[in-house]
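We begin with a single chain expressed as structure tokens, specifically the form predicted alone.
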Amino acid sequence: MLEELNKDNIVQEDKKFKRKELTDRIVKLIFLFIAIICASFVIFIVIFILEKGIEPFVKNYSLVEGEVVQQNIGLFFTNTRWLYDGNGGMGFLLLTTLYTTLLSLIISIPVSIFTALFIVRMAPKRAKPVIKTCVELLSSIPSVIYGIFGMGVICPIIQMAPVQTFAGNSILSASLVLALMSIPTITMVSINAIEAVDKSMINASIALGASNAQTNLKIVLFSAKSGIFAGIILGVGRALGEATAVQMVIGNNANGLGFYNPLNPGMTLTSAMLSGIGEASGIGYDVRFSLGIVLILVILMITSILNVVKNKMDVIKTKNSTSVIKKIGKFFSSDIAFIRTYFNDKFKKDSK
């Protein structure tokens, strides 16, 4: 009887194991199918943009009856004015895009980092979830709302400047709007990075006599720099790819000679792609995909460079990793030496 019961238990356990193994394989295949679909969408989009973006350079278009045009390759890289008739140049569009993104990052990076540091390390316990929720809500606001805010608030403020600003529509307005849109993304990633800092390092820093400000700046931010840098990469991608909000406040100046002045109106790659797209046709429509190719290459190049820098930061951190006490002692060696000198002098005076 016991042997039969043991055999029945073994058979039942074997069936359960096979059933679990079959379920795992089915789930694995489902996830693989979903992953293939997601990757296929990306591949199809890239192929479509490449196909449509190359057409203006090889296909003949008719703007006027009896006249055939193509996008001039030389003018595409050298012309200082953007046109949709085959003679436009994207060089200044690229420079304006990079310049606008750089200005926005100069504003958004320090604001985001110190906001994240305040939320994690300084904010009262009751206020912390409220502030964090507000930042999360900012990241969910549609870009057109940011554009309307820029038109109604930022542009009128810039218009009050004692120089000609074209009703406030300028590169500076676009930079401020992009900064507002990038801050929630960088802040949320920075919050997660700062919260992951080892508590023993913070406690050791305070135990060695460091102030909260020294601990936050020299220990917390330094330890979280890799995660913060990842948030900056996401913020750069958000700023480079934004179209609607930028197009609403930048002024859409097709002449790129004055792109270096932040108070001048300008035009980025994304705003040139979006401007008048509803009425575009022929080469005026297809050449926007050529700008899309340039934008994809720029984003890939910048994010790749930033990822390489981030990986090198991680490698340096791993190679130079030492004990917590030694690392903190190295940061505050001068402060510790000062404290030791002070107490030694005090004890000498007391002994006399």
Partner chain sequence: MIEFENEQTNVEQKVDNSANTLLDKEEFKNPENIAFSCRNVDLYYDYGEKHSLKNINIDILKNKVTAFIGPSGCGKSTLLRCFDRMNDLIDGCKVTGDIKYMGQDINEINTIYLRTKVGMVFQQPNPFPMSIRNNICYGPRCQGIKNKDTLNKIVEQSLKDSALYDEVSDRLDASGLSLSGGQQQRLCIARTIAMSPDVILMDEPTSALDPIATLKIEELIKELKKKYTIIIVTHNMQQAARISDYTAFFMLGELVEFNETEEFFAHPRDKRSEDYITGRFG
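All values derive from a computational prediction rather than experimental measurement. Positions refer to the first chain, counted from 1.
Absent from the display: the form predicted in complex with its partner chain. The rest refers to it.
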Could you tell me which one of 200, 255, 192, 78 places a heavy atom within 4.5 Å of its partner chain in the model of the complex? 200
Identify, from the list 103, 151, 188, 204, the residue with a heavy atom within 4.5 Å of its partner chain in the model of the complex. 204
Of 154-162, 255-263, 218-226, 84-92, which is the one stretch near its partner chain in the model of the complex, taking non-hydrogen atoms within 4.5 angstroms as near? 218-226
Using a 4.5 angstroms cut-off on non-hydrogen atoms, would residue 276 count as touching its partner chain in the model of the complex? no
I'd like to know if residue 211 sits close to its partner chain in the model of the complex, meaning any non-hydrogen atom pair within 4.5 angstroms. yes
Residues within 4.5 Å of its partner chain in the model of the complex, restricted to 107-125 and counted by heavy atom: 125
